[in-house]
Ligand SMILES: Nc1ncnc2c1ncn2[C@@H]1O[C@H](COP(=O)(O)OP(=O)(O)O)[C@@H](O)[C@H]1O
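Next up: just one chain, as structure tokens, the form predicted on its own.
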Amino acid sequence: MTPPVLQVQQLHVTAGDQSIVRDVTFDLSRGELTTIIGPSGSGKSTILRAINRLADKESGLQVSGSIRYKGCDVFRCCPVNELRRDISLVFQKPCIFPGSIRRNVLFGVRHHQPMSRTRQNDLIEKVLRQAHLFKEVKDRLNKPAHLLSIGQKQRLAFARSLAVNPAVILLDEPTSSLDPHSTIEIEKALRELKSTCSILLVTHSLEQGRRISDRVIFMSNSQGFGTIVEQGAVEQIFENPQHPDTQQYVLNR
């Protein structure tokens, strides 16, 4: 049996004396798309930020427990920039840098390896195709990225994360503010990419979770902090949930 790519065990995130998430434990396997669902305030985004080592950099937050990437402690295995090359995070609101579409795609990869112009061009086309954006922007790669629509900007941010060839992709509500076309394109990309990497998606859309997930994690905040009360296959969580909090959230919506 192939060991998990990512192992989260007894993760706690606190702000002073207040627990934000507590006792969070789950695995993420290669080639798997796992979705985290649950009510607002249950710590879903905090988990992603802890994995990517953003939470431990935020003033006032304390992170404890174990997060292991390929068996190694993420807090000790490597410099944080190297970790974020392997474990990328795509935010709810697209982060677009000043300059061209081309510059945005290459922003991260230029810090990790030198590339010829030909290799750059090949990489740009590859990841824009993976993000289902190339056809829409291929004739304006040197134009300012800020001229793109919000849906195109999100797919551009997604392509930029792919350019560094991550093993794990974390996505925090990546389609919450997008039009139906862009949502469909990103979901297509995720289905295609899960064969080569592991994907952890936070979403408020139960329909999206049903459509594209392999496994589902349900977070509850009924105790005043976020914690996992149930996880399993899509059919189990959406058709036959066992925990009362999951039942109330999934079956009553």
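Source: prediction; values computed, not measured. Numbers for residues come from their place in the sequence shown, where the first is 1.
The following text describes the form predicted together with the named molecule, which does not appear among the structures shown.
For Gly41, a non-hydrogen atom is located within 4.5 Å of the named molecule in the model of the complex, even though that partner is not displayed. Looking at Leu190, you'd find every heavy atom of it more than 4.5 angstroms from the named molecule in the model of the complex. In the model of the complex, the named molecule sits within 4.5 Å of a heavy atom of Ile20.
Under a 4.5 angstroms non-hydrogen atom cutoff, the named molecule in the model of the complex has Ser45 among its neighbouring residues. Annotated contact segment (heavy atom within 4.5 Å of the named molecule in the model of the complex): 45 to 53, selected among 182 to 190, 45 to 53, 205 to 213, 64 to 72.
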